[in-house]
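Taking the form predicted on its own, here's one chain by itself in structure tokens.
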């Protein structure tokens, strides 16, 4: 089992969700986050004053999937979240040692 974690632009959420649903992934967690990468933020003008925005708003999506679905999930996220512009985001994959569904007590792959 793996967790696929993606940082994406906020306006791409619906496209990513639809792509994941299309490949059979029905559960995901979304968190509003702020950060920067190579972009290093940008400047904006508010009421005539220019100021730097160091941390840009992003969404973090986390999906727990069986190990054999990781490539399909990465492909779905990459295809649907890509704009071709700087700041499209990143995808990280890490292992899950154990999973438990609280309601039923199911464990590991059955809990996903």
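Positions refer to the first chain, counted from 1. These numbers were taken from a predicted model, which means no experiment stands behind them.
Keep in mind that the form predicted in complex with another copy of the chain is not shown, yet the notes after this line are about it.
**Q** Give a yes or no for residue 78: in the predicted bound form, does one of its heavy atoms lie within 4.5 Å of a heavy atom belonging to another copy of the chain?
**A** Judged by the heavy-atom cut-off of 4.5 Å, residue 78 is in contact with another copy of the chain in the predicted bound form.
**Q** Residue 100 versus another copy of the chain, in the predicted bound form: is there a non-hydrogen atom within 4.5 Å?
**A** Close contact exists here: in the predicted bound form, residue 100 approaches another copy of the chain to within 4.5 Å, heavy atoms only.
**Q** Contact with another copy of the chain in the predicted bound form for residue 95, defined as at least one heavy atom pair within 4.5 Å: yes or no?
**A** Residue 95: yes, in contact with another copy of the chain in the predicted bound form.
**Q** Report yes if any heavy atom of residue 68 sits within 4.5 Å of a heavy atom of another copy of the chain in the predicted bound form; otherwise report no.
**A** No, residue 68 sits far enough from another copy of the chain in the predicted bound form that none of its heavy atoms falls within 4.5 Å.
**Q** Residue by residue through 1 to 22, tell me which have a non-hydrogen atom within 4.5 angstroms of another copy of the chain in the predicted bound form.
**A** In sequence order, 2, 3, 5, 7, 8, 13, 14, 17, 21 come within 4.5 Å of the partner.
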